[in-house]
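Given next, in structure tokens, is a single chain: the form predicted alone.
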Amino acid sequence: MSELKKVKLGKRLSVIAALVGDDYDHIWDCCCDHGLLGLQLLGKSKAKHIHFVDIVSPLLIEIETKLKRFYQGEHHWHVHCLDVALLPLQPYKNEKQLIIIAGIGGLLLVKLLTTLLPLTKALNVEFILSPVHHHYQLRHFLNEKGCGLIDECIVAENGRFYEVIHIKPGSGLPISRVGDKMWDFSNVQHQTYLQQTISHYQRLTKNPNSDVSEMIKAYQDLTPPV
């Protein structure tokens, strides 16, 4: 267990870890910074089973070496070298599962979820998602697919802003394309993030093949009155 004392999460992964309750049977840590999040959740016994998933074999070998060293003889961790879109969820259809995907682009997330979401029908599955960009497109997709919002927040880390979105397919509050409960406009960082986002889409208007007027208006409508 001594290794766990050395596991130090960045701010974003710490926020994600704080969102994870204690009532899951299976947690799938997908591509989350060299397995650090999964190690933290494993040490806190956040689920009966913690699954480490990545398509990069050398990375998984490194994670598995740590797990064997510090958790030898324990059977509640599992390592999977596979595409996240192919998670074996069905064998645990009667158990509560949480899939955490962070650190990849929103468009790639949409591609993965296009395959994953149909597999969650009739299953008790939640997702915590934190893409590095294309939040609007991801949120639009989740809304169209009938996913419901459990929680969301904005995280500032190393000069960048991230959104963390906790969802459940088929139930929960409607998912706003620009976020709803995550905004606190008394927070200067949130004001900065909103202005950066609007400026980003305004720059894209210079591309004649890019129609981002809908995005700009949606974010501008969030701007609090002065």
Ligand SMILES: C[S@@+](CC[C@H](N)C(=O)[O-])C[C@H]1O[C@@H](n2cnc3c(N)ncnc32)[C@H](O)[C@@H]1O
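Please read all numbers here as calculations on a predicted model, not as lab measurements. Residues carry their position along the shown sequence, with the first being 1.
Keep in mind that the form predicted in complex with the ligand is missing from the display, and what follows is about it.
Stretch 50-58 is the contacting one of 177-185, 63-71, 50-58, 194-202, since its residues have non-hydrogen atoms within 4.5 Å of the ligand in the predicted complex. The putative spot formed by 30, 33 and 82 is fully lined by the ligand in the predicted complex; each residue has a non-hydrogen atom within 4.5 angstroms of it. Taking a 4.5 Å heavy atom cutoff to the ligand in the predicted complex, the contact residue among 112, 155, 99, 89 is 112. The partner is absent here; in the predicted complex, the one residue of 104, 138, 116, 149 having a heavy atom within 4.5 Å of the ligand is 104.
Taking non-hydrogen atoms only, residue 123 never approaches the ligand to within 4.5 angstroms in the predicted complex.
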